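The chain below stands alone, shown as structure tokens; this is the form predicted on its own.
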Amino acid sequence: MTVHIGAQPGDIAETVLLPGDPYRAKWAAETFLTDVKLVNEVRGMLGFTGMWKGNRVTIHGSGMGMPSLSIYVNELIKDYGAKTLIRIGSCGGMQDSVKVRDVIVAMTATTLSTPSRGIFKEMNFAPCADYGLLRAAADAAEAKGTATHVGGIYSSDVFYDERPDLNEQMVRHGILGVEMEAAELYNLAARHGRRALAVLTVSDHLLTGEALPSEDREKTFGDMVEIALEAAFA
């Protein structure tokens, strides 16, 4: 057990999927895994371990933003031996070619600041995904016929952004979408020699204002979970 995770030794699988919302973790575990066991509910952050096609998987909430994700990923890696960590979540589209319901597989994650900034000091470290996971996710998405984009994303450290000029530069430089967690996940994976990836569903669009209706979110989220699972065990 750790300060934030109440799982016992051996309860956490080496492969962990990380939705931000703990109730999405519950839904994904109950929908895609068999022999599901609740392994954490400290502070309402739910984690579940089960089986997928003969492979052991944990699906654990990470909360909102990089500071929250950093807490859980540090503990999952250091105390529970997680080796493959895949963020599954939503993002806002930032290019005309990216449509609502599309999936983005994040090659890199640009950011203004992460919890790791104190370590890097003056250096602008470039966090990126594990290439094997990246390629496997792109292949899985293509096999499913899911509209998918592979490239850079922007991990914002605020939700209510008041910097339209910054968003304009992200669009100008080809950033596909914006979310709030992947950059720190990639930092931590690099630091500890783990594999990491972010597979994201475009739930809304910064340019068009379009948003995915709530009744459509579950189906689209399901496609993303399947892509992440296929990539993890390719």
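This is a predicted model, so every value here is computed, not measured. In case it trips you up, residue 1 is the first one in the sequence shown, and so on.
Unshown form predicted together with a small molecule; subsequent notes refer to it.
Site annotation in the predicted complex: the residue of Met45, Leu33, Ile175, Met180 reaching within 4.5 Å of the small molecule with a heavy atom is Met180. For the options Ser90, Thr84, Thr110, Thr148, the one in contact with the small molecule in the predicted complex, meaning a heavy atom within 4.5 Å, is Ser90. Highlighted residues Phe159, Ser203 and Leu206: every one comes within 4.5 Å of the small molecule in the predicted complex, counting any heavy atom.
The candidate stretches are 137-145, 115-123, 69-77, 91-99, and the one lying within 4.5 Å of the small molecule in the predicted complex by heavy atoms is 91-99.
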